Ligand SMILES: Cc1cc2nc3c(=O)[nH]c(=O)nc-3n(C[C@H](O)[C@H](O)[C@H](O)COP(=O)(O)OP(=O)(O)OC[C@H]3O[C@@H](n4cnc5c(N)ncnc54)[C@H](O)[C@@H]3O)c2cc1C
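Only one chain is shown below, in structure tokens, and it's the form predicted on its own.
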């Protein structure tokens, strides 16, 4: 009897976890199924590039997971029953099905968050998904010179989107609206470089401008100011997939699954949550922010913990921490802000062309790591402890290890 591992979602975290598990465990002992609605990998950190017309290299999962033992199930997840240990899906052909698991890795991630602001869902564009980026791409391509584009949100996604659009379409009037000051979390050097690049690109910045309404041709801020917008790009954070909230898993108020240091659910030990779906704690006992930088280490941690518990190995005890924040500012400029372990900016920052190259290497490395999830680690497959392979009781699995 094989131990059934189901991984839900094949973004950076889910795909890495599935591949890492396949290289850690014998395929005779485990059956690993990766459930995803799309047949190829989406480089989410590059969606601002897609939005301005750049084409990315296709990365089909059929090639990435060839000969690994990972079975790809092209399906949309509609429900999870953590008490019965089943997942309800609708396959790509429209047929409904149900999958049973012994261990579940929940990596359904997040999407854009309209924050409940009136008019956002009807009038704004998002770049948290490929579909959203392609929709924005079509709209931007149809804009005439001089028309205004407003990016709402001054976080990493907003900065990258504004810079990319302004560089690709210098004929448009690009603006960014942010609740605080532009780059107020950055070091003096980082903030200075950001202002310089935005100035060169002609981006108008509206600081201390919380957007409280979105209309077809403008956004309205808290003080009543109307900012013209033929296109509004909404980048004010992410909202987790709603399925976890509908289960009996212990979740936070935002719907993230509460996990321990090995990414294991504190309420259901046969469930692991990774990436944006997890409420995981990092350095300084601070929650990890939703990002690729947070998600990839949680995928490593979960996969290694599952393998250890099934094979009698040593549980991973790797601190989850940050090193830098990588920001692309178009194709020719970048900003690498070095940070403390708990994500606070230090005085050191890398800027300019070399920072753009650095960020590009990070993006390429993240995508490459999806197909090569155990770089620098032994790839010898370990045998599952026999009684663990023959039980669906996670307590017994842990005891056997």
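Numbering follows the first chain given and starts at 1. Computed from a predicted structure; not experimentally measured.
Below, we refer to the form predicted in complex with the named molecule, which is not included among the displayed structures.
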So if I measure heavy atom distances to the named molecule in the predicted bound form, which of the stretches 134-142, 152-160, 207-215, 253-261 falls within 4.5 Å? 152-160
For the spot marked by 45, 76 and 275, is every residue within 4.5 Å of the named molecule in the predicted bound form through some heavy atom? yes
With the partner omitted here, the residue among 219, 306, 105, 127 that in the predicted bound form has a heavy atom within 4.5 Å of the named molecule is 127
At the 4.5 Å heavy atom threshold, is residue 14 in contact with the named molecule in the predicted bound form? yes
Taking heavy atoms only, is residue 36 within 4.5 angstroms of the named molecule in the predicted bound form? yes
Residue 179 near the named molecule in the predicted bound form, any heavy atom under 4.5 Å? no
Just checking whether residue 238 would be counted as a contact of the named molecule in the predicted bound form - the rule being heavy atoms within 4.5 angstroms. yes
If we check the named molecule in the predicted bound form, which of the residues in 320-347 reach within 4.5 angstroms of it by a non-hydrogen atom? 326
